[in-house]
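Shown below, as structure tokens, is a lone chain in the form predicted on its own; questions about how it binds or moves come after it.
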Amino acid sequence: MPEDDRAVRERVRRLIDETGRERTQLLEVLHKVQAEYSHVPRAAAEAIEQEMNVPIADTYGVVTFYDLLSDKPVGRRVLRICEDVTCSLHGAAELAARAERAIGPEGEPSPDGAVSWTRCACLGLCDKAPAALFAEEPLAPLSETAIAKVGEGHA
């Protein structure tokens, strides 16, 4: 096993010790792992399986279901553009295209790893459409100017 995997497993074990081993704590553990590694690496899922008795398939089922989690590295800060009906009617597709131009391909971190962007499901900010989260903070209504600032690293 590579040394990096050992370090990840040991860190995840400590996070689980802090959080709890009950299956009901899985989402909280995954959020902590995501915050630390900018994704949920395979070694983390293996540690969760061993320490919490949650199969890797179940862990990745949760990771791929929730928009705030990822199984691939993302930027340290992520712009999440809502694409539900209300936001779509208020120009979310055009703003996603702007994000692609300003930040780069969807789901890929910028070259310095500082930022990435992705589409997501409803954020519950329909009254401020089009809506987004940036670094888990609401950014609504989202504008081309805000996206440009994110792309420049100034948001």
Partner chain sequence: MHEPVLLRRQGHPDATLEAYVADGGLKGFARTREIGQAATVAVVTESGLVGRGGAGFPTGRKWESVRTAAESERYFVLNADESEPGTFKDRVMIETDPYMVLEGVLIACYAIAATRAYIYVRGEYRGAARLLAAAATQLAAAGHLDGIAPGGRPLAIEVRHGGGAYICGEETALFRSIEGYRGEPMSKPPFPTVAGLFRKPTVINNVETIANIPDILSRGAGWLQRYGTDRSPGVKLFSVSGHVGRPGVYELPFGAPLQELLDLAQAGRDLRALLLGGAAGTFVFPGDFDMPLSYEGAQSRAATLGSGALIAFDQGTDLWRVAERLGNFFAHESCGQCVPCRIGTRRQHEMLAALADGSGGDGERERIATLGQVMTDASICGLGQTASTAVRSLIDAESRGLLAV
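Residue numbers count along the first chain shown, from 1. Rigid core (definition): largest C-alpha set, two forms, superposition within 1.5 Å. The structure presented is a predicted model; accordingly, all values stated were derived computationally and were not measured.
The same protein also exists as the form predicted in complex with the partner chain; that form is not shown, yet it is the one meant from here on.
Shown here without its partner, the chain carries R13, R42 and A102, none of which come within 4.5 Å of the partner chain in the predicted complex through any heavy atom. With the partner left out here, the partner chain still marks one of 122 to 130, 42 to 50, 94 to 102, 108 to 116 in the predicted complex; by a 4.5 Å heavy atom cut-off that stretch is 122 to 130. Within this chain, D17 is remote from the site of the partner chain in the predicted complex, having no heavy atom within 4.5 Å. Heavy atoms of T145 never reach within 4.5 Å of the partner chain in the predicted complex, leaving it off the interface.
Although the partner is absent here, Y37 lies well away from the partner chain in the predicted complex, with no heavy atom inside 4.5 Å. At a distance threshold of 4.5 angstroms between non-hydrogen atoms, E83 is in contact with the partner chain in the predicted complex. Contacts to the partner chain in the predicted complex (heavy atom within 4.5 Å) from stretch 16 to 35: R23, T24, Q25, L26, L27, E28, H31.
The Cα position of C87 differs by less than 2 Å between this form and the one not shown after fitting on the rigid core.
Comparing the forms between this form and the one not shown on their rigid core, the Cα displacement of M52 reaches 2 Å or more.
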